[in-house]
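Presented as structure tokens, the chain that follows is alone, the form predicted alone.
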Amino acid sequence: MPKLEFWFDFASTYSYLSAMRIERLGRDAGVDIAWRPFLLGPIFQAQGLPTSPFNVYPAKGRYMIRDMERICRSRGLSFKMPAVFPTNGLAAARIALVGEAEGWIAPFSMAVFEAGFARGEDIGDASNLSKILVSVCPEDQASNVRARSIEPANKDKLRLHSNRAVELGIFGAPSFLCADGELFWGDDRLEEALIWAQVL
């Protein structure tokens, strides 16, 4: 089956849009989706940006919020900007990598995005993450998952993901990587990326 890598950051508004539809679109297209969490912060810093470009350029930030409102309304999604932006997605990304190995990365990631951008919750808050985690894995396993997420090997895995993103030329999220190395950026390129993946 063709494969498409979905590179996303939990602090990315437009990644929320893709996360809420990529599994369905992938199934319809016969393309397997590989979820790839990474951190945009180091990439922005390497470009001389201390924070999200949406904060550096206020007009761009205001446009993004209005754009998200329009798109979410058209897709039947809720949208609420969190009080602090960008949110801290580090812990969520580490947990997602545990979920990647166990097969629940997609539902966990979707639940994190819904919490962050449909309800405006702080996804960096441990109690919020715990609630999300028990919604996708048994409660008696949640504490073990949290412990495993901060083990050195898992921390290194996220670091390697983020380094790999730089090597691939990824500069924003969401990004989509096809098996031949073709890279697409932005939620509005998801359908094009799926078509490209199908013909390989």
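Start at 1 with the first residue shown and count on from there. On a predicted model such as this, the values are computed, not experimentally measured, just so you know.
Heads up, the form predicted together with another copy of the chain isn't pictured, but that's what we're talking about next.
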In the predicted bound form, segment of 139-147, 64-72, 155-163, 28-36 with a heavy atom within 4.5 Å of another copy of the chain: 64-72
Partner proximity in the predicted bound form: Trp196 to another copy of the chain, non-hydrogen atom cutoff 4.5 Å: yes
Glu191 within 4.5 Å of another copy of the chain in the predicted bound form, heavy atoms: no
Any non-hydrogen atom of Met20 within 4.5 angstroms of another copy of the chain in the predicted bound form: no
Partner contact for Leu49 in the predicted bound form: another copy of the chain, 4.5 angstroms, heavy atom: yes
Interface residues of 145-184 toward another copy of the chain, as seen in the predicted bound form [heavy atoms, 4.5 Å]: Gly169, Phe171, Glu182, Leu183, Phe184
